[in-house]
Ligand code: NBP
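One chain is shown next in structure tokens, namely the form predicted on its own.
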Amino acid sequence: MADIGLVGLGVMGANLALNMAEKGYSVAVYNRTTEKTDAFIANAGSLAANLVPCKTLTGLAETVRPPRPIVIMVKAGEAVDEQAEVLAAHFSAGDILIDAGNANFRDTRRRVATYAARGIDFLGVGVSGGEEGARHGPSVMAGGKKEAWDRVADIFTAISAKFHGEPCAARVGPEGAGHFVKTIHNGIEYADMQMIAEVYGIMRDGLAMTAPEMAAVFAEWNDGPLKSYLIEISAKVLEVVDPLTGRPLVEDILDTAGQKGTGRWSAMEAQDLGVPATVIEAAVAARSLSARKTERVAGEALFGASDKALKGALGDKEQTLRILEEALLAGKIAAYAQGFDVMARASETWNWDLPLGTIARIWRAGCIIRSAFLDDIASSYTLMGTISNLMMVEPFTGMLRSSNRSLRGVVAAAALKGIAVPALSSALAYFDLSRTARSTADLTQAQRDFFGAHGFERIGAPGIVAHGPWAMSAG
């Protein structure tokens, strides 16, 4: 009998199945379209010996060795509920449903409770790394009962990416914790990608650099503090020439970016938890604005295109590129600080006890935001245990001291030249607000008390709610 089952042979599901088969596990596979299952087996080569094709979900359930673990890799939402319900009808107590798609963690929490009442375990497992990661080693973030995870941990550990031999797979908490952590991972990913795109825009429009020139810069940055998968692939993308036009391929790509919802979920959850995740929010908004191509074209025609040439605003070209690198590092610190702050608040709110240091460690390889930077984060949590804000601890404090001026210079120069840098601007504002001992919220509180009698605390008398004599002043 098979060691594990898998439903859904799309790109991610097919590659996960092949990864498991390659590691020596017997995998029963099912796809709603039988032809897809047949084609998958036919193209599996020598790995087909470890794959068991199933024509029905009933057959799949019967093929997997009890206690049955079955992975569901279908589109998030109703499709997961439908497939889970059919499978559960053939399950016994102790069997495990595993949703490894990009699910909303709130749906996962609901499913955990629903199936627990029927004696069936439900794991919500975040998987990051895209097609390549699924096939050769993703980062795996699991949520659910420890006993259920322990029964499948060997499989997921075996297929996960390795960082210096350490598996990038872990149970991060109960119920929906795994999918929540994956959601925040994706929010940070949005922010990282947007800030890289903004720097690319400055190089392209402000410095009139060619794609090959920019590719060389990103490749050089990938040998420094910005070393990461996203910087690496930015260099590779910019190197590619379109065989149809002979121009850099990036120049022939429509400037409208898609999104599947996880970035938006991360921003919404941050707002719901009362945690500022402004860099993530700016990145999500930028993607939404990118989709409004017709409006943007009309806006340029109405208001005119700005002269984006920097003309030495940040020094000569070599100096400007160094400043851009430092600005991107400062923005990255702010974005990651926000993401980890959201996870810390969620952990406290739902009593998850999220191991933030472990999360940083399992993100060091396999996932889309893997970077040398995460090793620093993991080390900081190992050293300090609890961190209120990553910006406030070393080595990030030192990095920000030396790089925040570059971020300020880039944002100021871009604003003066009409180059949109929403994520970098948000990172700067977050940094400045975070180091402002006396903010302007005193006036905000006075306004709230004036129109809504919400009260305020007086300096030197914490906890005592007072009201101002606004009616007298108004009179």
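Just so it is clear, the model here is predicted, and its values are computed rather than measured. In this text, residue numbers run from 1 along the sequence as written.
Keep in mind that the form predicted together with this ligand is not shown, yet the notes after this line are about it.
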Contact residue in the predicted complex, chosen from 130, 94, 395, 357 - any heavy atom within 4.5 Å of this ligand: 130
Contact assignment for this ligand in the predicted complex, among 291, 158, 76, 219, heavy atom within 4.5 Å: 76
This ligand in the predicted complex: contacting segment from 122 to 130, 201 to 209, 248 to 256, 160 to 168, heavy atom within 4.5 Å: 122 to 130
4.5 Å heavy atom contact, residue 425 to this ligand in the predicted complex: no
Touches this ligand in the predicted complex: residue 455 (any heavy atom, 4.5 Å): no
Close approach of residue 339 to this ligand in the predicted complex, 4.5 Å, heavy atom: no
This ligand contact in the predicted complex: residue 9, any heavy atom under 4.5 Å: yes
Heavy atom of each of 110, 114 and 174 within 4.5 Å of this ligand in the predicted complex: no
This ligand in the predicted complex - contacting residues of 287 to 325, heavy atom within 4.5 Å: none
